[in-house]
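The chain below stands alone and is given in C-alpha cells; this is the form predicted alone.
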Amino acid sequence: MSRIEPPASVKPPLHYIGGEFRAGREGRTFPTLNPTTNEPISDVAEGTEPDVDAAVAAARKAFEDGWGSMPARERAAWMERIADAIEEHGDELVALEVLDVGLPVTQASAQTVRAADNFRFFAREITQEHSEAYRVGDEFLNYVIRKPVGVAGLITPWNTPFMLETWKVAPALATGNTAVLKPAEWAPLTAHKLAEVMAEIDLPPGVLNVVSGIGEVAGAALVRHPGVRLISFTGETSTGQEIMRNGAGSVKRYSFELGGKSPVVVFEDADLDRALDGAIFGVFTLNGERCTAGSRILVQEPVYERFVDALGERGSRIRVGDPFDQATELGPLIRPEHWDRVKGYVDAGVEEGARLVVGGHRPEHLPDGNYLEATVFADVRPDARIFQEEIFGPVVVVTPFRDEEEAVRLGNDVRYGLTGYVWTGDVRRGHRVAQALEAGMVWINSQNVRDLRIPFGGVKDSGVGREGGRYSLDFYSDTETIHVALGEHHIPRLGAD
C-alpha cells in the first residue's frame, strides 16, 4: 500500500441535486471537524426542507425520464462504471475518510475496496435475477416480477461512511430506483466525493442526489416527504425510533440497521489464541465505532483468568496514534462530544465496581484530539451499564460463565440482537449456541467476515428488515404478480339467466 497523505485542502462540499452542485436554499453551512485536532476541515452546505424538496423532485424526474425503465444490463454497466471510478479515485477517497472520521488508514483502505465491490456485486445480481412462476394445472400461469419503487431515501452513519453509503446507493440504483442520500453530518466528505464521481462519469442528472444537513432537519424532511417511497437507515436505535415516528404520516417501507451490544462466547475448548485475535479485531478495529463490535466477551470459568490476562496484555500494546500512520491500529474517536460519552461509560464502569484491566484514559503522548486507549473491563456484572448499553468506542467488557445454558442466557440478556460470535471446539455445541442466541447474524469460530450474498440486519432493538444479496433486491423493489388464464376456466355468472 502506497503512503496516503492528508489532502492539502478540502473544497467546501455543496449539495448535489439534479446533476448540479449548489449551495443550500437558505445559505446555511456547518463545519466538519478533524478528529485528531477538532479543528474545522471545511464548511459544508446545510440542507433544509427546500433542498430536500428539490432533491426529491430531481430524483422523481430522473426516475420517470428513463432510469426506472432502463434494461437491467444497461444499469449494470453504469454500476461497473461507478466501481471503476471509485477505484480510480481510491487514494483520494481514503484520505478524505481518514481525515473526516479518524479511521486508521489501513482500515479505511479496506473499506474503500469494499465500496467498489458493492457496485460490482449488485451489477451481477440484477443481471442474474430470475422470476418465479407457478402453474395451476392447465388453467393458470402465475409469475412474479420485480419493479423499482421510485425515490429512495438513504440515511447513513458516520463510522464507516463511504462503504455504508455505497452499500445503500448500489442496490437502490441497480434495481432502477433513484435516490436522495443524506450523509451523517459528522462525516460528510466522502458522500460529496461520491457525487463528484457520479458527475465525472455523466450519470444521468437526478439519479443520485446528495443533501447534507442535520438529522433533525434534513433527515426528518426526507423521512416525511410524501414523494419518498422507502427509507434505508443505519445508525442509533433511538434515531431509528424517531424516524419511524416522523414517517408515520406517509406509507413507506423501512430498513433499519441499528445499535448492537454483541456477545463473544468463548468456551474452554476453543482455540484461545484465535478467539483472542477475533475478539480484539471485533472490538478495537474501526476505533471501536462499529455496530457489529463484539463488545461483551463471555468466557467459560476454567479459562477466564487466562483469557482476561491475555486480552489485557494485548490491549495495552494496541498502537494508538495518527490515523494516517500505517502503523496505527486505533485512531481518534470522531468528535469531542462522543469522546466525552465513551469516557463517561469508562467512569461508570469503575464506579459500578468492574475491574479496569487496561486503558480507560487519553494516551499521554496525544494531548490533542479525541484519542482514547484500548480499554478492557473484567468481572463485569450483567446488570452494569457497560454490559447493557452500547458504548460505540474501544471499550470491551468481560464476564465469566459456568455452562452453555448460562452463556446463552447472558448472551441474550440485553435489548440488542445484531450479531454474536461463538468460539468452541465442539461443532455441535457451536450450532446449538448460535441458534439459541437472539441475533440477526452469528459467526462460529470467526470474527466478522462478510458475505455480500447473505442477509444483514438484527432483531430486537437492533433493527427492522434485512439487506444484502437478494434481500436488498426485495427491499428496493416492488413485487407484482401477473395471473394469466391459460384456458376458459369457470367464471360464476351472477345475474345471468
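The numbering used is simple: start at 1 and walk along the sequence shown. No experiment lies behind these values; they were computed from the predicted model shown.
There is another form of this protein, the form predicted together with a small molecule, and it is not shown here; the text below is about that form.
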Exercise. Tell me whether Gln300, Val303 and Asp426, taken together, all sit within 4.5 Å of the small molecule in the predicted complex, counting heavy atoms only.
Key: no
Do Ile243 and the small molecule come within 4.5 Å of each other in the predicted complex, heavy atoms counted?
yes
**OP:** Spell out, yes or no, whether the shortest heavy atom distance between Tyr254 and the small molecule in the predicted complex is within 4.5 Å.
**Re:** no
Looking in the predicted complex, any heavy atom of Glu390 within 4.5 Å of the small molecule? yes
Would Phe233 show up as a contact with the small molecule in the predicted complex if we use heavy atoms at 4.5 Å?
yes
Picking from Gly349, Pro205, Gly360, Gly259, the single residue whose non-hydrogen atoms come within 4.5 angstroms of the small molecule in the predicted complex is Gly259
Checked Ala279, Val228, Val395, Ile155 for heavy atoms within 4.5 Å of the small molecule in the predicted complex; positive is Ile155
Exactly one listed stretch (377-385, 137-145, 195-203, 179-187) reaches within 4.5 angstroms of the small molecule in the predicted complex by non-hydrogen atoms, and it is 179-187
